[in-house]
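Take a look at this single chain, the form predicted on its own, given in structure tokens.
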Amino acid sequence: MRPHLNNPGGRPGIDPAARKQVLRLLHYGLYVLTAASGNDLAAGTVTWLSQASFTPLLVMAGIRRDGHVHAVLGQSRAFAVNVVGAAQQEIASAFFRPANVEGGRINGYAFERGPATGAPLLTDLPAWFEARVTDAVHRGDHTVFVAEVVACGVRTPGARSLALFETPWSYAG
């Protein structure tokens, strides 16, 4: 059976409107990914994140190649993921812009250094984990980092994470 390409004129390829619609049906969470290389701290909201293995416990994260987060993560080869709670959309939006560190706060939110990587852990968010990069795939406009989880913590038991489809934002297609 031949797949339906949903494109005008039946030409090979992918119709951009169909591509956008299909990719926006994928479910994503919102997370603040942080990294530290010495005193150089970076933080940004990410959506392309998933568990990739049980043993060892691996995650994969797609990180835009032209940002400060990518540069610091590339130097440190480690990062933290701060899970944004369902009612914390304003925190996710605060990390759409570059990180500004002042007086123990990053983009206005308190943080502490992670025990395993030193990456910032946002104290207002319900859960976090730290990971060390094991592999990286440098293709397109994002790098996919595969990393082993080395530490984690829960600040708010029973919390529900924020899903991208619950916001007015889109990051796909």
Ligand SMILES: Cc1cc2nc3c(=O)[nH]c(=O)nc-3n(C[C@H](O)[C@H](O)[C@H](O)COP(=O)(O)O)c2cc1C
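Numbers for residues come from their place in the sequence shown, where the first is 1. The shown structure was predicted, so the numbers you read here are calculated from the model rather than taken from an experiment.
Just so it is clear, the following notes concern the form predicted in complex with this ligand, a form of the same protein that is not shown.
- Put simply, of R113, R105, R132, R64 only one has a heavy atom within 4.5 Å of this ligand in the predicted bound form, and it is R64.
- Looking at this ligand in the predicted bound form, residues A43, F95 and W169 each place a heavy atom within 4.5 Å of it.
- At a distance threshold of 4.5 angstroms between non-hydrogen atoms, T47 is in contact with this ligand in the predicted bound form.
- Using a 4.5 angstroms limit between non-hydrogen atoms, V69 touches this ligand in the predicted bound form.
- Contact between L164 and this ligand in the predicted bound form is found at the 4.5 Å heavy atom cutoff.
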